[in-house]
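In the block that follows, a single chain appears as structure tokens, in the form predicted on its own.
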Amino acid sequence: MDRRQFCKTSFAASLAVGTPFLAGCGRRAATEASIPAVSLDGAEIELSNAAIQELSQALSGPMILSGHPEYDRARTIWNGMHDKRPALIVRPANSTDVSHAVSFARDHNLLLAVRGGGHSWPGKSVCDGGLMIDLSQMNGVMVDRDTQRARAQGGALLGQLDAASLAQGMVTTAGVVSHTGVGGYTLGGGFGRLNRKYGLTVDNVRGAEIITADGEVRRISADQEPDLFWAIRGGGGNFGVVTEFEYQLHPFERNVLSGSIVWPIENARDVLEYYAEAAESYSDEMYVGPVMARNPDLGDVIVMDVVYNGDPSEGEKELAALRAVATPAVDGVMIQDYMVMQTINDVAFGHGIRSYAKNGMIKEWSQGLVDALIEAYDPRVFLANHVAGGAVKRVGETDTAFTHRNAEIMLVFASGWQDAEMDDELIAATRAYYTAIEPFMGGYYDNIDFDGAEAAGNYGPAYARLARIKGQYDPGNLFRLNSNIEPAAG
């Protein structure tokens, strides 16, 4: 008898006699006749051991219940604020496993969460009492140099996508923390340091494999189920579990002019006023955006992070005026490996830190915005950004489901801490900073926000079409732990 069959037989036997399942098989059975769970509408329900056994036997990958040695690690996501306990965790080995898990959740009206890299800032990739699909074992990336395409499974991380692509002399737009998962990041839009040149990540998606609420495994593209393909490019996780993305790659020289320029906070007004005037005139090759924070060595600072995707001598010319605004405390811009900047935030945004964030889209810089950023500055809160404009802005507002094409930049207000007793203080500080800047913003990035306005307003002109597609592919709103789109009636 092979090991998998042995594990399944042992699992069945353990359910029959009410004893814990062998830990070596990767699962543990409940000792009761059923286990408590939570339905889609939040009601308390029971899952029978017979149903759990049936799901287990259908899977190639492990299923983990409370009490299993892997349970606590499996339910833990990046943001330490979220301590939730799913009734079941499935770690699919393939798309068929995902299909079985989705069908199980649908058939049992069970709350469902989907974890890619676990970077959901508001904690929507884990749930209390429901089923958590953990894609971390499906993390392969394959690059085809001839077609200039990369295929990344739904549990892959951005660092893996970057590494595999760069090894072949190519790249696509990826985010700013390398241990972020490709899944939620891509489905929400995908800001990165190359998007002014190559567009958002969704602008580089050429196809996907997705498991919809009916359990069907679908290959979608501009030619295959084009409505669903349109919807996943900015509509978030509303439409299914994406188990593979196909990305367009671009030839790329990985040694680029990049780094950070740092000034004391006293220079913030001069730096921001210059940036407000210059931002729209930067070339598509230039990514430069402001950060305001407290540095443990330098104190309160304003920082400009820079990546220039082009001839370094041309990049130096574009940066000259910014450097001349005031004397930097540190000028770290040099020709260096692109991955230096792609990993520079990995420690600051490390796993387990308790964190809260708000964000908003800025359509244009103004003197009022500069004044507000300086007056509201709070060293407990990290002001970060995702630069837009350039190629991002040249895509039509409803060409994809991501509609914030007219933004010049997204501002992010984030705080991080270790002690749970600081939760209320730092959440309030973050909200206060955001509130001071809110009059200058319109719309938000739903991958980040904890408590943004209703989805209908944020998706704007795309919402009616998104709701119709949601009604077609997920009429029961199984995929609801997201910036949720209510399914339109058939």
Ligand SMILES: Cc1cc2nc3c(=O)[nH]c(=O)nc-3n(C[C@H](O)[C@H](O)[C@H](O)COP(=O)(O)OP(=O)(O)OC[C@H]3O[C@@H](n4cnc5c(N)ncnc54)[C@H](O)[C@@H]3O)c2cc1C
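Nothing here was measured: the structure is a model prediction, and the numbers come from that model. All residue numbers are counted from 1 along the displayed sequence.
There is another form of the same protein, the form predicted together with the ligand; it is not shown, and what comes next is about it.
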statement: The one option of 198, 229, 121, 413 with any heavy atom within 4.5 Å of the ligand in the predicted bound form is 121
query: Out of 237, 130, 289, 315, which one falls within 4.5 Å of the ligand in the predicted bound form, going by heavy atoms?
result: 237
query: Any chance all of 114, 349 and 445 sit within 4.5 Å of the ligand in the predicted bound form, going by non-hydrogen atoms?
result: yes
query: Heavy atoms within 4.5 Å of the ligand in the predicted bound form: which of the stretches 89-97, 181-189, 275-283, 372-380 has them?
result: 181-189
query: Does the ligand come within 4.5 Å of any heavy atom of residue 78 in the predicted bound form?
result: yes
query: Looking in the predicted bound form, any heavy atom of residue 404 within 4.5 Å of the ligand?
result: no
query: Looking at the partner-bound form in the predicted bound form, is residue 176 within 4.5 Å of the ligand by any heavy atom?
result: yes
query: Can residue 469 be called a contact residue for the ligand in the predicted bound form at 4.5 Å between heavy atoms?
result: no
message: Going through 373-394, which residues have a heavy atom within 4.5 Å of the ligand in the predicted bound form? Please give them in sequence order.
response: 386
